[in-house]
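For reference, the chain that follows is the form predicted on its own, supplied as structure tokens.
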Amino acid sequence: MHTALNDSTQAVVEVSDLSMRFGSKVIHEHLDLSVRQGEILAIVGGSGSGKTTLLREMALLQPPTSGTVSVLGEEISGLTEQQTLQVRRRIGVLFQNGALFGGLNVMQNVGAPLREHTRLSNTLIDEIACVKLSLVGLTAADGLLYPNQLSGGMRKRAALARAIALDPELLFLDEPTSGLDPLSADAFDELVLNLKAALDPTVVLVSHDVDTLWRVADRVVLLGEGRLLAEGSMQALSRSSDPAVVRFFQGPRGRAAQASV
């Protein structure tokens, strides 16, 4: 069940006139985008369209070339290091490959943000880590395993448990189902919906998985040609006659995903 949203819902991320260049290469230019409180927003686009770059800019991981990004009411370019840290504590990020620390077991990975940002005892941190693992469908025994002992699906779940360790208000997911088999991808989609119901974060995800877009996204934005080409629900975009939207969503994979909904 998707969240009921309207244009008056408070924005938790506001991107205004955003441009990003690497040397002479333009990633995006004069881009405007709002993320509304409580929604699951999906960012899609072809390879090289700047999806992950935009996510990194919104997650305070990469400064833009120009323009402004406001996150949770704070315009990030004007923040001190301490103020930036305070905003980061309210954000969780799941990186595309999980980015777990290979030398730490799963429980230690999940507890890492708590050790970094709180003064809780190690015993309490381990207890909280166990709770987070259970939220993503992993056991305390799984917590004793190391990343190289995990399947792809378990790695994603462990990384998600770490991303929610500090109960973030804003959760960024970069290609959460990439590399997973269809059953594991379906299970991860269900997990995201369950976490949304349990913790109610605002979620921004980058995905090329059309099934995921139909199942979890309240709103989808399509990037291309350095700009935002289209936005709307999957229902609206699937009916669009815009050539760029048709090319992206009406291929064989898109039609198959729509038929399965």
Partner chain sequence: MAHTRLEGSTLVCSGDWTVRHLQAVEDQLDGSRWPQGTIHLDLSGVQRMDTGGAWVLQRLLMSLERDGHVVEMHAVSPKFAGLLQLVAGTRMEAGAVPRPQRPAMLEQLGLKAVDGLSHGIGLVAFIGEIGAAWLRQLQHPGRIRWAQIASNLGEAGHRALGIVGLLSFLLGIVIAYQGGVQLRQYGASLFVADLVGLSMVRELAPLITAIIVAGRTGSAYTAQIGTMQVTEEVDALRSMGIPPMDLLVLPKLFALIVALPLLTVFADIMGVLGGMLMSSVQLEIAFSTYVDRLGVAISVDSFLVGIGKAPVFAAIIATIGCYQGFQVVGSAESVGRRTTMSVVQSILAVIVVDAAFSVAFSRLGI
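Residue numbers count along the first chain shown, from 1. Quick caveat, the model's predicted, so the values are computed rather than measured.
A second form of this protein, the form predicted in complex with the partner chain, is not displayed here; the remarks below concern that form.
- Between the options 112, 140, 187, 99, the residue in contact with the partner chain in the predicted complex by a heavy atom within 4.5 angstroms is 140.
- Residue 199 belongs to the set of residues with a heavy atom inside 4.5 Å of the partner chain in the predicted complex.
- Residue contact with the partner chain in the predicted complex: residue 126 places a heavy atom within 4.5 Å of it.
- Heavy atoms of residue 103 reach within 4.5 Å of the partner chain in the predicted complex, making it an interface residue.
- Not displayed here, the partner chain is approached by residue 167 to within 4.5 Å at the level of heavy atoms in the predicted complex.
- The stretch that touches the partner chain in the predicted complex, counting heavy atoms within 4.5 Å, is 141-149, out of 141-149, 178-186, 73-81, 91-99.
- Residues of 84-122 lying near the partner chain in the predicted complex, listed in sequence order, are 86, 89, 102, 103, 107, 114, 117, 118, 119, 120, 121, the criterion being any heavy atom within 4.5 Å.
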